[in-house]
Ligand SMILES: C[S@@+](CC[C@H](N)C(=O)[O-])C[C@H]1O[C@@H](n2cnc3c(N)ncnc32)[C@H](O)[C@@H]1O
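Next up: just one chain, as structure tokens, the form predicted alone.
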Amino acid sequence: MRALYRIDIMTLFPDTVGDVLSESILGRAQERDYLRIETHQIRNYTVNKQRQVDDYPYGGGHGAILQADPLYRCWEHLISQAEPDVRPHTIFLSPCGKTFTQADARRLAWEHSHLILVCGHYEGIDQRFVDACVDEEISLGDFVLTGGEIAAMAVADAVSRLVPGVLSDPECFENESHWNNTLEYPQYSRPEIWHGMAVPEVLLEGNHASVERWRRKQSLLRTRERRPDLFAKLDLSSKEDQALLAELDKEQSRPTLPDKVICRKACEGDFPVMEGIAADARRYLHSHGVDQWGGPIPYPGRADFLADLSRGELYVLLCGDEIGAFFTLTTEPDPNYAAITDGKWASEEPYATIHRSAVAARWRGTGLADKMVQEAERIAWNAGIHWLRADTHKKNKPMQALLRRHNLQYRGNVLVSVQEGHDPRRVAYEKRIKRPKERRK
């Protein structure tokens, strides 16, 4: 069976080049006859008894250049071996050529079925061969290599993966960097949490529309930050892209978390700011369909703060002079936790529980919530307590992601006291606290 696509590479190092291009995906594609890649030793086509293929340049200069005749003999042989109805497209890999792009890879894959790649070496090749036989010159970038082999392998790989059948599905390359002048979104795999870093929650929810929207947003962000030249070429007139850009602008206008975040016990003078943070958190939860902190009586409110304050359990995090978050850390056993279902606690030792926590809208997405959990662990450890628990609504995905990010493990379900008509069900988490690192002074 005739291979669908053929690439011949003229080189002084055929074994090295051929071995690389015969592995993995390209190797399997050749076994299945979707692709045929062959290398050809230029020295085999010289009439010189010493198999010499280079000589000093006319006009003087350092080094030597590849002679036109052995190159031509090799090229002529390949032309004679081409299919009768196919005209091979010859490319010289040269630092003087046009910079190679994904658009070039697509053009070469779709407009041609047979490429001849010519690898220069030494100080270059005789221009007469270029003038007589080469269709175009291609460069990998604004730098110089010792030979054209690395560039030829890069071009062959980039083109080959676009040949039908080489990859399992067109989506394998249509969502990648540079396909539509955008850079590819970040990718994640197992485990869900690695070195304290979690996979973005949206990728775990199974909502394909949300995943695609997140990926598009991340792709736009990467392209705007890393390749403004590509970003300037994008058509971003659609309502969807305009909404994503507005979100990115809002997110990037957030302040940077100070190097030193101070955690201290709250005082009554903090209550007005805390109440504002709580009110905004309620609006945020409700706008995302989370029935938590709901009811006609604001929760948590001043009465809750006063009760927590009287027990010495209420804390705030200061970002400079500004209160950025608050949380309650209680060491009293929670009666709701005794009736856990669909699982069990890992330990019956004394534990501390994070309750009534919120981050100000201005500081969301800055890492302040992570500082809050770290401070809760530090306070519990210093009190001689080595277990931490927390619960949250089953739809409160950001909070669940935060807890998992700090290695709190899901233990089961509990019911909590809520205002009438609201959902009392919560998912419960627990972890054994390790000795916290010393805070930077």
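Model, not experiment: these values are computed from the prediction. The first residue of the shown sequence is 1; numbering continues from there.
Below, we refer to the form predicted together with the ligand, which is not included among the displayed structures.
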With the partner absent here, would P335, A339 and A428 each sit within 4.5 Å of the ligand in the predicted complex, counting heavy atoms only?
-> no
Could you tell me if H121 has a non-hydrogen atom within 4.5 Å of the ligand in the predicted complex?
-> yes
Contact between M197 and the ligand in the predicted complex at 4.5 Å, heavy atoms?
-> no
Please check if A151 has a heavy atom lying within 4.5 Å of any heavy atom of the ligand in the predicted complex.
-> yes
Does P95 make contact with the ligand in the predicted complex, using a 4.5 Å heavy atom cut-off?
-> yes
Of P228, G295, P255, G141, the one that lies within 4.5 Å of the ligand in the predicted complex (heavy atoms) = G141
Position in contact with the ligand when the complex is considered in the predicted complex, options G147, G343, G301, P350, heavy atoms within 4.5 Å | G147
Option from 209-217, 105-113, 285-293, 132-140 whose residues, in the predicted complex, bring a heavy atom within 4.5 Å of the ligand | 132-140
